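Before any questions on binding or motion, here is one chain by itself as structure tokens, the form predicted alone.
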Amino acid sequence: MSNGEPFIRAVEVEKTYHLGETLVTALKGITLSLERSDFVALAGSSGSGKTTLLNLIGCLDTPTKGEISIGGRNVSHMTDDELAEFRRTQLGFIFQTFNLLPVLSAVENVEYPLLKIKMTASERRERALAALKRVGLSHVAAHRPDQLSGGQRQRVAIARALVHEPELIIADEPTANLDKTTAGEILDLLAELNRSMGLTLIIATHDPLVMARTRRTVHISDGRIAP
């Protein structure tokens, strides 16, 4: 950003939940800055708070205390509608389980996020095919998910995350359901997209292979950033 501010900034962020009558504090005063085009692993064991922090940065939830800004916009106090619009236009998501619609072809799955954006059907198809080409899957555009390998399904999911040209991509354990070789190929692809497109990528993981490939690892333990 031109004013020198970090692309993503979290300041004294806390998140608490009610589980029955019990108050659970998932995040405890998180302060974090990430630069534009960072390639970051958010690492921690199950229950560490990494998924909670990922959900806050991904605008899927809001903090109980503290503030989060992305690209100079404070997302902490946005309404649900404002958060939905911000996610739709500025963020892309990649999931462990791919989250592809089984009745749609690869190109139709990639087109799906564009349905609420004002453009013609031919423009949507052109954008989706270009995204599939970028991840090396032009040849399977007409295939449904059950006709694809796990690695191909994750590449379709990456193309879907890219298709609306977001500034930030959030990936939640994107290699967890893949064998080591395929996981390495997916990480190669994400690293190439980070380099060539300047995308900011945040990957939640507990996999040392992922941590070894990103430029920076932020460790979360017991709701805090570990030294």
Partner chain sequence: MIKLRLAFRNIMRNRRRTLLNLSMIACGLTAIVISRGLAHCLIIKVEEAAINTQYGHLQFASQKFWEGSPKDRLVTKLIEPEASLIEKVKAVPGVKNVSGRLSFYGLISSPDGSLSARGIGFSPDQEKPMNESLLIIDGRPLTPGSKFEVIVGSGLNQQLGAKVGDSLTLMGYTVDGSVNAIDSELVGVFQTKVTEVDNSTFFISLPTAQRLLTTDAVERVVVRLDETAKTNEIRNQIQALLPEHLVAKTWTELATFYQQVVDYYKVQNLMVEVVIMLLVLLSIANTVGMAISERTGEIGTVRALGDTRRDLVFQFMMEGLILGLMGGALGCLLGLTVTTTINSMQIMVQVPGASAPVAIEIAPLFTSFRDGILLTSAMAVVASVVPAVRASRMKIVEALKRNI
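It should be emphasised that the depicted structure is a prediction, and the values quoted were computed from it without experimental measurement. Definition used throughout: the rigid core is the maximal C-alpha set that superposes within 1.5 Å between two forms. Numbering follows the first chain given and starts at 1.
Omitted from view is the form predicted in complex with the partner chain, to which the following refers.
- The partner is absent here; in the predicted complex, the one residue of Arg73, His77, Lys116, His139 having a heavy atom within 4.5 Å of the partner chain is Lys116.
- For the chain shown alone, Lys50 is not a contact residue for the partner chain in the predicted complex, no non-hydrogen atom being within 4.5 angstroms.
- None of the heavy atoms of Arg134 is located within 4.5 Å of the partner chain in the predicted complex.
- With a 4.5 Å cutoff on heavy atoms, Glu108 counts as touching the partner chain in the predicted complex.
- Although the partner is absent here, Leu60 is a contact residue: one of its heavy atoms lies within 4.5 angstroms of the partner chain in the predicted complex.
- Here the marked residues Asn55, Asn99 and Tyr112 all reach the partner chain in the predicted complex, each with a heavy atom within 4.5 angstroms.
- For the partner-free chain shown, Asp80, Asp81, Ala84, Arg87, Arg88, Phe93, Phe95, Thr97 of 71-98 come within 4.5 angstroms of the partner chain in the predicted complex, judged by any non-hydrogen atom.
- After superposition on the rigid core, displacement of the C-alpha of Ala212 between the shown form and the other one stays below 2 Å.
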